[in-house]
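Below, in structure tokens: the form predicted on its own, a single chain.
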């Protein structure tokens, strides 16, 4: 039985003169946790936009959950695909509470013209409990720390009840403790919700080594892929980031590759 939920075949994506993906192919199985690593401009974020139907292919094919998402006609897929980006600056004067912000995630399923009912608020409260934000549910969203705001973003994503969990640099700009906590939470969410997860980062310290598989991306290509214990060697990482092995070793000694 084929349990492939993401099937990308020879995808080419271009933004004006810049080619973001150069004939990339990828298959992801149900329940897999895939880390996507590489320097800025490698095409990592573009890979996620292709999966959630926001990226326009110049060439190739993509199938997600049995559908072919594309800009303007990927709604049925996007309801089943959750997305979390890096922490955004939120005006502390914003009056919305944490609970109300998480409810926004339900509107992908409800539609903008429907009011949330009892079940929807139950879903919101359940995901707030999962991410450890129940005690702050009534606090204004702008009054939270960066790590707390990212927990809310994950809860908002989960309120959508997705099958695929996309994370795009979710620990960027967070301090070491908050980063470690978010990595632990991401793995908890993946396991308890039985999701298929794609985790994008350029920062080695933000890579969960609990990934089932890692893709190394560079210049719009999947440069290498495999189990993290085999792929994340000093030689591979040095060539990926174009830096001396000694620097990679130093970062690893300082705990840059965090287990979650």
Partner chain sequence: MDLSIFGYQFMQNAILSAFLGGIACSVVGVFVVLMHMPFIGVCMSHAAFAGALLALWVGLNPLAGAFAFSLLAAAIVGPLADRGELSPETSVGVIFSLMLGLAFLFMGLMPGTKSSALELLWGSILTNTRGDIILLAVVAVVVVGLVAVFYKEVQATIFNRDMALSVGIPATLTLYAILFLTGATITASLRSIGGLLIFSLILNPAAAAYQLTYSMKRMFVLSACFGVLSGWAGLLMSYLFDVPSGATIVVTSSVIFMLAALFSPKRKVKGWRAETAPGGDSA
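Positions refer to the first chain, counted from 1. Owing to the predicted nature of the structure, the values given are computational and were not obtained by experimental measurement.
What comes next is about the form predicted in complex with its partner chain, which is not displayed.
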Of 137, 110, 123, 130, the only residue with a heavy atom within 4.5 Å of its partner chain in the model of the complex is 110
Listed residue that, although its partner chain is not shown, lies within 4.5 Å of it in the model of the complex (heavy atoms), from 224, 57, 204, 54:
54
Contact flag, residue 88 vs its partner chain in the model of the complex, heavy atom cut 4.5 Å:
yes
Could you confirm whether residue 119 comes within 4.5 Å of its partner chain in the model of the complex, counting heavy atoms only?
no
Is residue 83 one of the residues lying within 4.5 Å of its partner chain in the model of the complex, judged by heavy atom distances?
yes
Any chance residue 156 has a heavy atom within 4.5 Å of its partner chain in the model of the complex?
yes
Do all of 27, 38 and 65 end up near its partner chain in the model of the complex, with near meaning a heavy atom within 4.5 Å?
no
